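Take a look at this one chain, the form predicted alone, written out in structure tokens.
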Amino acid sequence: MSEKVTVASESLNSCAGCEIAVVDLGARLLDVLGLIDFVHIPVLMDHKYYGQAGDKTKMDIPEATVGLISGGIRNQEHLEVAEEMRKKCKIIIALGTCATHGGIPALINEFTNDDLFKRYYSTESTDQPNKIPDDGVPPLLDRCYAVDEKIKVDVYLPGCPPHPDNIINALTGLISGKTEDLPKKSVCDTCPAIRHGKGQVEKLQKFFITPEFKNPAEPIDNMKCLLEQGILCMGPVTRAGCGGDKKTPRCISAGVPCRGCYGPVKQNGNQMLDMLNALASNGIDIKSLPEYSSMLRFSGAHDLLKPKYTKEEV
């Protein structure tokens, strides 16, 4: 390709872990940089929204072929940046589970903004006056949104963070004219643990026991399925990909149950509902679950997590 592909990148309601995943490409990043040209990426270069001297009245993000957006949309500034990215970029990639499904920040959707402000600005130890900051602070939206709830998204790269292999495969694919998402497989589809089938366990417990191995000295594919050991594992309802090109899920390879960080297998799936159905169909007592909202710890956007109102508030 004679001309480089131009890329603009923005992080919204996020922790910068997705940007670290880009850096984790290591030497491969140098190969990619030879094929792309970053025209806007605040984490690496100084390019201000309203001009370097703040002399512009409208947000200005350069036009680009590809727009990378990490993080969900929580306040008015996030929304304006996302909308500007959509206007200026031909292809928008939602990078990371915060962008694709709300991620950990979307857990706040169980509470109202009033609940949030009371918790942080009106506790017994809060100094007076306990005024909620509003000078120069972008107003919050009513909840945390995934990017595709506010703008059109072309490619989804979930993960907390996405595996570097997923990122470079997406970028090199776009350079060659392809816009492909991750395969719609579950973590279980790529898990090497030993499974025997239904009826192996009736109740679940928290992950505080040492996983059972057929032979601890052998590789991870000698480990018995964690669900069949009575440990809640979100593998059946979580999209595969966390293992990158090596396929084996990252948490499973460490003998740890999947927590669901790649979001649902299908973009519009509901991990909590799907998991409850999977447990019930396998004869597992869902009443044995310590709580339920953690099954949406990475995918609480799309109006799936909502405030819990008391009878007095209804």
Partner chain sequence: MGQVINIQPITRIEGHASIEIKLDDNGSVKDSKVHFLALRGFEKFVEGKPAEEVPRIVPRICGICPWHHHMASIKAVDDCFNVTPAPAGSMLRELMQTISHLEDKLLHFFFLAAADFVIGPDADYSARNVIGIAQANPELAKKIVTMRHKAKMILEKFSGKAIHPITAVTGGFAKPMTESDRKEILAEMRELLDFSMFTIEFAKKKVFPPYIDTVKSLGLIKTGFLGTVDDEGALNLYGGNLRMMKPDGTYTDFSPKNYTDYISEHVVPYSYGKMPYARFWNEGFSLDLDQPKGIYRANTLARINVCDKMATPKAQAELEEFREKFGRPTQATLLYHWARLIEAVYSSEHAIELLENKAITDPYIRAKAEPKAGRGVGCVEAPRGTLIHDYTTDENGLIKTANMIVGTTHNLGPINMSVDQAARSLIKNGEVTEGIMNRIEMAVRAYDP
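Positions refer to the first chain, counted from 1. Rigid core (definition): largest C-alpha set, two forms, superposition within 1.5 Å. Predicted model only: the values in this text are computed from it and were never measured.
The same protein also has a form predicted together with its partner chain, omitted here; what follows describes it.
Asn75 is the sole member of Asn75, Thr172, Thr190, Gln229 with a non-hydrogen atom within 4.5 Å of its partner chain in the predicted bound form. Although the partner is absent here, Asn277 is not a contact residue: none of its heavy atoms lies within 4.5 angstroms of its partner chain in the predicted bound form. Looking at Gly283, you'd find every heavy atom of it more than 4.5 angstroms from its partner chain in the predicted bound form.
Taking the partner from the other structure, its partner chain in the predicted bound form has no heavy atom within 4.5 Å of any heavy atom of Lys152.
The closest non-hydrogen atom of Lys48 lies within 4.5 Å of its partner chain in the predicted bound form.
If you take 51-70 and check each residue for a heavy atom within 4.5 Å of its partner chain in the predicted bound form, you get Gln52, Ala53, Gly54, in sequence order.
With the core held fixed, the Cα of Ser122 is displaced between the shown form and the other one by 2 Å or more.
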